[in-house]
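To begin, one chain is listed below as structure tokens, in the form predicted alone.
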């Protein structure tokens, strides 16, 4: 693994049993994250986009070991997280933080701002007494809040202010890596811009590495250095934000971008939308071959039988999992003769 990579996943899987009980075995498996290979570089902001239910949040939780993984490997700054437990996991987890989607649900209504932001300092033994109070004040100033609000409760704040409290709490452990899981989804549009700008400033000021999860492609393009596109538990395209945002190479990414409104009315009227047919398959019944084939307008013979692997396309650093760029992937066990794939 390269020294400039902070977080790395190889073949990462998070599968949940479904339909079982304490007396019966599970009837099936829901493949929330299904073989993800991903590197997140030090100091970058990686945007993760995709439709609801594609596994974005589960992947973010898995990278922080908040949900158990069922396969693959996960490393953080060169240390294997896959089987790490107890004190060693706690020590490493201090270096990672999370900003949750709903600032109304992620803050304890019975705890003051000082108690909420100061809790990580206590858990990790970083500050006590007056030092802790001073650090809480510093963190509140860092996210644009008056330190005088430390004694107030969450219900006394607006949504944007609550999310700033959540960001201050995530920064309390002095993390290297921050996962922002739909951090602006529940905020007003004007407040979304403020929080995005705050995250960009903090990323530069503190040298943070960010995973910014969102279904809002405009916001992701604004804040990200690279963009990863997820579909049905798998990364299907990844590359520099400019390349993926202006010249997507995977039909699914092209369809997502065609749904983003353009600010110029004339261009918006002339643009042709890509409307996908059919529904998203269930992660409990992933199609054979290419998992996007049931909705892809360009499907052809190999798509039914060969699961495409990410391969270099377009701009430098851009990759897509699509047979339109060559048949590279894993053949299905029941693939007919004549269908071959280059590993």
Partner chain sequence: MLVAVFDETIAPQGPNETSIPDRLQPPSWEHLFGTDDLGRDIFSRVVLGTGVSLRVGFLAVGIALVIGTVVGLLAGFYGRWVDDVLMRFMDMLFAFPAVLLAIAVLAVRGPGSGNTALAIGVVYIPVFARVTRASVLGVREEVYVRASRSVGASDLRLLTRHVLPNAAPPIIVQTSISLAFAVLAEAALSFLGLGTQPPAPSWGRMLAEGRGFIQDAWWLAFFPGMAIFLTVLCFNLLGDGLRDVLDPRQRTLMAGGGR
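Positions refer to the first chain, counted from 1. Computed from a predicted structure; not experimentally measured.
A second form of this protein, the form predicted in complex with its partner chain, is not displayed here; the remarks below concern that form.
Taking 72, 160, 245, 120 one by one, only a single residue has any non-hydrogen atom within 4.5 Å of its partner chain in the model of the complex, and it is 120. Proximity to its partner chain in the model of the complex, defined as a heavy atom within 4.5 Å, singles out one entry of 211, 235, 96, 184, which is 96. Remark: residue 265 does not count among the residues lining its partner chain in the model of the complex, judged by a heavy atom distance of 4.5 Å or less.
Under a 4.5 angstroms non-hydrogen atom cutoff, its partner chain in the model of the complex lacks residue 164 among its neighbouring residues. Though the partner is left out of this view, residue 177 does not reach within 4.5 Å of its partner chain in the model of the complex, counting heavy atoms only. Not displayed here, its partner chain is kept clear of residue 203 by more than 4.5 Å at the level of heavy atoms in the model of the complex. The stretch from 85 to 93, 226 to 234, 188 to 196, 134 to 142 that comes within 4.5 Å of its partner chain in the model of the complex, counting heavy atoms only, is 85 to 93. Taking a 4.5 Å heavy atom cutoff to its partner chain in the model of the complex, the contacting residues in 104 to 126 are 105, 106, 107, 108, 109, 110, 111, 119, 120, 122, 123, 124.
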